[in-house]
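So this first bit is one chain, no partners, the form predicted on its own, shown in structure tokens.
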Amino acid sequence: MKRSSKADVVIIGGGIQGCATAWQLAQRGVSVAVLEKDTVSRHASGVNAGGVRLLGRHLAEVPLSIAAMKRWHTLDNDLSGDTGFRARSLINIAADEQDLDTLNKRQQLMHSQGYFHEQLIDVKELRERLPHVADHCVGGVLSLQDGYAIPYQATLSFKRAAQLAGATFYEGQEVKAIRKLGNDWLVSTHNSEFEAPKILNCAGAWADLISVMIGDNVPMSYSAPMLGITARMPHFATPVVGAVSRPLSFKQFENGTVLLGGGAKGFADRANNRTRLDYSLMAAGARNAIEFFPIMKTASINRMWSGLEAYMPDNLPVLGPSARSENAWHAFAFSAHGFQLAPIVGEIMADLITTGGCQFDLEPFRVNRYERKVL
């Protein structure tokens, strides 16, 4: 016989978005059950690059990212936890004049929209901030508020704060079926049933499957972004580093290790809950890092890994209510850049669930934005 539990809201997915929303709801006196098919922070939320990035956001995301950034700077105190957040700034490097032209056009667009957080820097300032940058680099763009956090720590900090506020987490509970039971949602796993009047889909790389159970179809895909970390090196880079037009992304931690990203994808095996690395792409990423920072020739890769992440065709997340079912919401497909947004996503979803509205324009993030309009 299956065990049965009731709550005001069932959240499917124990990643950082689900945990952040659970914390927000529990603080408001809402009873929350979070269902995670594996363990909290097992997938993308625990194994991403940890970038806390406002720089280079799609215009639709900028208001959310600005609000989220403010919260990151006080988040450890708010959660009474350690997210590992460090405000180290972020520089995207211009490798040539074409990159500078791209940055100038981007700045004109941002200024026309009233955003001034992205600062162009010339080659002199670039070398002052990154003395080991390659000679061919000609400038860049800087965001002073940006930095990084430790993904696993941050997600668990949200979880613990949510638990202290009254939320309940159920791990090892893969959702098998969802159906309406009167005015409630009945969510079934292999050994349990959870009943609630409201449901939130934060299922990450499995969110399209949950969406179908709720009643929405989405053109979501999934992939396996890869990361690698070096052995300790002498300190050479305080800011987080990216590039305007090259797949470059890395940060040097306080212990000297360097985390290499850049967006290269491995092989995603969602059905079997695992990924596999593409070593040729990792090698290409390492060569790219050396091109921008010759000191990286001395680096020794200590470990490499990848995680399963969800993507929409426009690389924007799905945020908001179901298009076809009442009292159901979605927050998924953050396309490998949703970690920074978590503090504000939690607030947005809690606002929608408790009041029906929020302060942000969520039109670009509609779950049904790819459906043809019927005239």
Ligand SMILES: Cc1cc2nc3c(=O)[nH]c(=O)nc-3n(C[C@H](O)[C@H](O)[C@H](O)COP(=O)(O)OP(=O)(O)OC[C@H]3O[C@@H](n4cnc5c(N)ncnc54)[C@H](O)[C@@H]3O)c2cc1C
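Predicted model only: the values in this text are computed from it and were never measured. One-based numbering along the sequence shown.
Quick note: we don't show the form predicted in complex with the named molecule, though the next part is all about it.
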Quick one: from L316, V30, V47, L55, grab the residue that has a heavy atom within 4.5 Å of the named molecule in the predicted bound form. V47
With the named molecule left out of view, which of A328, L35, A68, M349 would have a heavy atom within 4.5 Å of it in the predicted bound form? L35
Residue-level question: is G51 within 4.5 Å of the named molecule in the predicted bound form, judged on heavy atoms? yes
Contact flag, L25 vs the named molecule in the predicted bound form, heavy atom cut 4.5 Å: no
Given that the partner is absent here, does T21 sit within 4.5 Å of the named molecule in the predicted bound form, heavy atoms only? no
Does E61 make contact with the named molecule in the predicted bound form, using a 4.5 Å heavy atom cut-off? no
Mind telling me which stretch in 134-142, 166-174, 114-122, 282-290 gets its heavy atoms within 4.5 Å of the named molecule in the predicted bound form? 166-174
Is it true that A203, W206 and E309 each have at least one non-hydrogen atom within 4.5 Å of the named molecule in the predicted bound form? yes
Residues within 4.5 Å of the named molecule in the predicted bound form, restricted to 332-347 and counted by heavy atom: F334, A336, H337, G338, F339, Q340
